[in-house]
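Presented as structure tokens, the chain that follows is alone, the form predicted on its own.
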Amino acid sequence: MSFPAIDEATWTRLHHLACEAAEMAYAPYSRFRVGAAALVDDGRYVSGCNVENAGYGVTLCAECGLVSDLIRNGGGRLVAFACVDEQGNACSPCGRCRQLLYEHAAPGMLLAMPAGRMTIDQVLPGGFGPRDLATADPIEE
């Protein structure tokens, strides 16, 4: 699979878009505003912010908004990803969001993590996704 080059200008743009998204976050309970941005394999950028809810368990992480933006704008595979808090510091996706990103990642997708850039397979080793389901035997009725 061929996708756009991921140079320093791309990482700077992802960081900027993630910071813009964090400004729009709805976080009245935790006051922890998060924004996420990603590059899609066709060169588009997508973004999202966290949206809290009084029933904490139904809060949406920024990655959920990002994937919704991805699907709404035609789908594709994510090749580079950044997530930040409102100060612009890199954030690690939670476990649920790592799974969500894995589902929509291009092979070798890169993530800007607090410790540096890592691949999706490094942040979710042994990930389970659509390829695993394609090899499963159908349930007989």
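We number the residues from 1 along the sequence you see. These figures come from a predicted structure and were not determined experimentally.
This next part talks about the form predicted together with ligand THU, which is not shown.
### Message
I'd like to know whether Val34 contacts ligand THU in the predicted complex, with contact meaning heavy atoms within 4.5 angstroms.
### Response
It does: once ligand THU is placed as it appears in the predicted complex, Val34 has a heavy atom within 4.5 Å of it.
### Message
Contact with ligand THU in the predicted complex for Ala80, defined as at least one heavy atom pair within 4.5 Å: yes or no?
### Response
The answer is no: Ala80 has no heavy atom within 4.5 Å of ligand THU.
### Query
Would Leu70 count as a contact of ligand THU in the predicted complex, using a 4.5 angstroms cut-off between non-hydrogen atoms?
Outside the cut-off, so no.
### Task
Find out whether any non-hydrogen atom of Cys97 is located within 4.5 angstroms of ligand THU in the predicted complex, and reply yes or no.
Yes, Cys97 lies within 4.5 Å of ligand THU in the predicted complex.
### Query
So which of Leu110, Ala62, Ala105, Leu39 reaches within 4.5 angstroms of ligand THU in the predicted complex, heavy atom to heavy atom?
Only one listed residue qualifies here, and that residue is Ala62.
#### Entry: Stretch from 53-61, 39-47, 112-120, 70-78 whose residues place a heavy atom within 4.5 Å of ligand THU in the predicted complex
Residues of 53-61 come within 4.5 Å of the partner.
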